[in-house]
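Just one chain follows, in the form predicted alone, and it is written as structure tokens.
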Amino acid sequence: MNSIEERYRGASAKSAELGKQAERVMPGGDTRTTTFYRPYPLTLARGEGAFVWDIDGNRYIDLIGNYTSLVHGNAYPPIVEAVSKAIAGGSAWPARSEAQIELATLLCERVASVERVRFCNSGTEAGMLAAQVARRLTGRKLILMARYGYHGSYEDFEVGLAGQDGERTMLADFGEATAFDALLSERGSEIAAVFLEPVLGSAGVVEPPPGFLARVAEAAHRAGALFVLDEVITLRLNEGGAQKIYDVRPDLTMMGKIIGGGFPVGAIGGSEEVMSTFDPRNRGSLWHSGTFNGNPVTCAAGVVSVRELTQARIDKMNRQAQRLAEELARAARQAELPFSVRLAGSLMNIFFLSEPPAATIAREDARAIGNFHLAALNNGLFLAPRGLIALSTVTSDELLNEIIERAAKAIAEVAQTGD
């Protein structure tokens, strides 16, 4: 045990104790694999604005926002107000609400490829739903996706995160348009859809090379397959989503996270023609239901979250992220540690390597990133164990200065461990 871990354990005794209780009722003591880390995860008590607090009373600057979903920070007052009004009228009912219509309208107005929306309850459900639509429309079974891509906890997609083909899933390397083109030429008659993230998230915030997304979309269409763009994480990068940045028009767009304002949410959107697959007025339409689909509380929160994520706010977060990335690199140079960062708008992933690795979930710098994660927590910074950072609209420039100072201390402490 090094000094970083000793300090972490010393400051989080209540989290350690509650973790033992959690392990007696949940495998591993939690219900999200992504949030687990050693020696044990913290237990958070509350969040407000740009901060979260654990049950030991320690305050942290929130640099992950529940894995990018809290784009306006914790307990954002306009969202709290909207939700309070909504829930006073009932948390769910078996009919649409005005908030549901308003949120769907906002999404159709913002994202050029989206003319109709169908709500569900998570990004995972959105992926499952998109696959179901593609298989219904094409009569095919196979899915083609990027190696180390992630489209939710659905078996046909999770094999991609593991980097291996599945029974109904084929993989090609992200950024290699020729590889996708070859598979679509050889097996196109079996492929229902190509699923891609415009920026790989779990694999390290990897941006696409110029023209890659458009080339794959064209190849998919030549093969008679649908092109599905997973914007669950990247919708925050532009008012029109990442598809506006990279100039591509998908057949279906997966959405989630920020469109729920902190509540469980998922959605797919596309053209009127494709989405008519769900229209119950049409004979043989696709059956899709869900007790909490488009519930009024989620939609009320989502309306505020989407409406208040203006391009001006997006641009500010992007500038702040650029500065943070530069200052982290400067601190690493001063500490004489290898360091690199991948950046896409307000999202970044850091590596204690001289060059960022190819898209992968494996970490050659596992010990260093583990030490940094604990050191960051010790210095009051809450980020993802794998080094993922997502800024929010409530991060002020003054707070950014504090983040930079605290992160520099954490980096220096990693260098001192010698691991």
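Please read these numbers as outputs of a predicted model, since none were measured by experiment. Throughout, we count residues from 1 along the sequence that is shown.
Keep in mind the form predicted together with a small molecule is missing from the figure; the text below concerns it.
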Legend entry - Partner-facing stretch of 122 to 130, 341 to 349, 301 to 309, 327 to 335, counted where any non-hydrogen atom is within 4.5 angstroms of the small molecule in the predicted bound form: 122 to 130
Legend entry - in the predicted bound form, P208 touching the small molecule (heavy atom, 4.5 Å): no
Inset, instruction - Tell me, yes or no, whether V232 is in contact with the small molecule in the predicted bound form, where a contact means a heavy atom of each within 4.5 Å. - result: yes
Legend entry - Contact label in the predicted bound form: R236 to the small molecule, heavy atom within 4.5 Å: no
Inset, instruction - With heavy atoms only and a cut-off of 4.5 Å, decide whether G152 touches the small molecule in the predicted bound form. - result: yes
